[in-house]
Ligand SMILES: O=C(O)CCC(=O)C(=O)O
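Given as structure tokens, the chain that follows is alone and in the form predicted alone.
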């Protein structure tokens, strides 16, 4: 298989059913970080880039166990293609799935997301006792699906603003399976920070959150359904890579991100959660004392 940089330019990346600009100024590869770096260096990287990408950070057996519980559940529901191994996650042609909540259905997923390695990293990175929001988001992206560009803060901004997202691929997620992508430097964009990032996706139960942007109407917390137009408007490059089991992404909740289209015949599994200092207020929508009635998109 060609290297990721070459593949980014040649395979024809798509997101939200739109072909991304393959030029060097519009698309690029994520830069990996070393988690053993000093806290000061990691904080500087986050401030500069809006993300940290750690390769082979998580215990593969723990990730594999979390993946297996989900695939076994899908197999029992009869949505997987019986001609392929369950471990491959090949779905039937008529199956569609997107966002789901973990909701304590998959303890192995919670064990992974709130595990020792991640907790110890955030204790160090935040220079204090950290906590995860209780809610865990699952992404079960069936073929043809993608996540539209958005910033997480619009869904969970009723607590501290010093909040970070973790994204964990539950298995290998090459470019063809629709991995995460982040827009370079978007966490510093005045266009986003001065208006969009101040919105609350749940305000008025979302009734008034209608938008017209980049040629289309839509409702909710998404910034756009046109990642090509967003990149041209905001600048920077869409950054992504061929993720493998054990990788971990950490990024600011002000970083614009989405995903590529899943152009494989497999379901793309990932989990994401949010970390913050335990001493700072948590958004009550995402803690167990106030169970959420909806999920961030």
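Numbering follows the first chain given and starts at 1. From a predicted model like this one, the values you see are computed outputs, not experimental measurements.
The protein also exists as the form predicted in complex with the named molecule; that form is not presented, and the subsequent description refers to it.
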item: Segment assignment from 238-246, 257-265, 66-74, 26-34: heavy atom within 4.5 Å of the named molecule in the predicted complex; value: 257-265
item: Contact assignment for the named molecule in the predicted complex, among 106, 167, 164, 122, heavy atom within 4.5 Å; value: 167
item: The unique member of 118, 147, 132, 189 whose heavy atoms fall within 4.5 Å of the named molecule in the predicted complex; value: 147
item: All of 152, 270 and 274 with a heavy atom within 4.5 Å of the named molecule in the predicted complex; value: yes
item: Interface membership of residue 139, the named molecule in the predicted complex, 4.5 Å heavy atom rule; value: yes
item: Residue contact check: residue 182 to the named molecule in the predicted complex, 4.5 Å heavy atom; value: no
item: Residue 51, heavy atom within 4.5 angstroms of the named molecule in the predicted complex; value: no
item: Any non-hydrogen atom of residue 251 within 4.5 angstroms of the named molecule in the predicted complex; value: yes
